[in-house]
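Only one chain is included here, represented as structure tokens and corresponding to the form predicted on its own.
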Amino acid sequence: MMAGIVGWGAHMPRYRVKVEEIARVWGASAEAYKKGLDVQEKSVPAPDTDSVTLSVTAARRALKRAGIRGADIGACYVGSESHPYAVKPSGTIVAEALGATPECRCADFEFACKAGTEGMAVALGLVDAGMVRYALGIGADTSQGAPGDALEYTASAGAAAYIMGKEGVVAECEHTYSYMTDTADFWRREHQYYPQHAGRFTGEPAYFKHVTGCATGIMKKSGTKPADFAFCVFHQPNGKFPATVAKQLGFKPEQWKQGLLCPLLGNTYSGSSPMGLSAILDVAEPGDRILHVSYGSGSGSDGFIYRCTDRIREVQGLAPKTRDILEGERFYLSYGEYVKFRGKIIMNERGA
């Protein structure tokens, strides 16, 4: 059988902060940000939540849908740009929590926002090559934006986990493709607390060039066109970019809206497009074909074409659905509470 997804799961914090609250503190126009970015609020991790805790919850949900034990996982890869340790893998903690150790390949991935899909691609490749029976790829982040910066309105938290295998496949991976150049639009140097970005430069030469290039390339490789897909999902640095690129490529709203989570979630960075894919798998039907394209600053995009199998209906209800978590009970923070949660007030040795 063709290798593909056998189980998936997603998780996001229920704490949120609204665009209006951030704009109020900085004397900015909330409507300008809401209209310009198409974002209404963003998720905020609790003080005891990091990329690892989000990953573990998402992975446990993926295990439920896959119907396997943690010990069956032969490889675990966590992609993130907010690993809790500078030197110590997140993947070992996740694998230990799932019961996948000690016989498990493991590494952390970094490539800005496409670290998660890179982990998914490697997991898929190991399974396809017969090196492991099941492999886990996770995209997770608890991203940060400097106070008052445009990123602060979108930088959020969430995780999506995918177990790849050849048995019990719910979505076969028909094609993969990658498109990459050295285009720096977003970066953070060692010892810098917040990332920097090149403003509007992040649009045309970075995001749109790579996402469009990857989507066009994988459709050419597979001999497909937009009408051949039931759904598509693209990286979501905000709500406006993925909608724009979908329209440019010729996709209709009914194809991309199910996977668009950013207006209520914000940008989960490495978890962005994987989380959108999870929302699509929650409702997809057998035979549906899905186009998935990520994006990571620096810059590059990974593309996947999945076709859902008959088994997908059997597993959709075995774990919480992404949109139910997204639109369910939420707890809204004041800006002061948000700043406290995210540790944005850094004290010196004098306590000032």
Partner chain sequence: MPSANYTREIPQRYRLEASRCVKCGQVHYPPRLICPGCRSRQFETVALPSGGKVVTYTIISVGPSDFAAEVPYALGIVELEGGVRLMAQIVDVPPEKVSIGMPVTLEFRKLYEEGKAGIICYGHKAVPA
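Note that the structure is predicted; figures quoted are calculated from it, not measured. Numbering follows the first chain given and starts at 1.
What comes next is about the form predicted in complex with its partner chain, which does not appear here.
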- Task: Using the partner position in the model of the complex, report whether Glu96 sits within 4.5 Å of its partner chain, counting heavy atoms only.
- Result: yes
- Message: Would you classify Lys340 as touching its partner chain in the model of the complex, given a 4.5 Å non-hydrogen atom cut-off?
- Response: yes
- Message: Is Thr57 part of the interface with its partner chain in the model of the complex - any heavy atom within 4.5 Å?
- Response: yes
- Query: Closest heavy atom of Val52 to its partner chain in the model of the complex, within 4.5 Å or not?
  - Reply: yes
- Query: Quick one: which of 112-120, 151-159, 88-96, 219-227 gets within 4.5 Å of its partner chain in the model of the complex, going by heavy atoms?
  - Reply: 88-96
- Looking at Gly27, Gly317, Gly287, Pro47, which has any heavy atom no more than 4.5 Å from its partner chain in the model of the complex? Pro47
- Message: Just to be sure I understand the contacts: of Pro84, Gly213, Pro147, Pro205, which is the one whose heavy atoms reach within 4.5 angstroms of its partner chain in the model of the complex?
- Response: Pro84
- Within 17-32, which residues have a heavy atom closer than or equal to 4.5 Å from its partner chain in the model of the complex? none
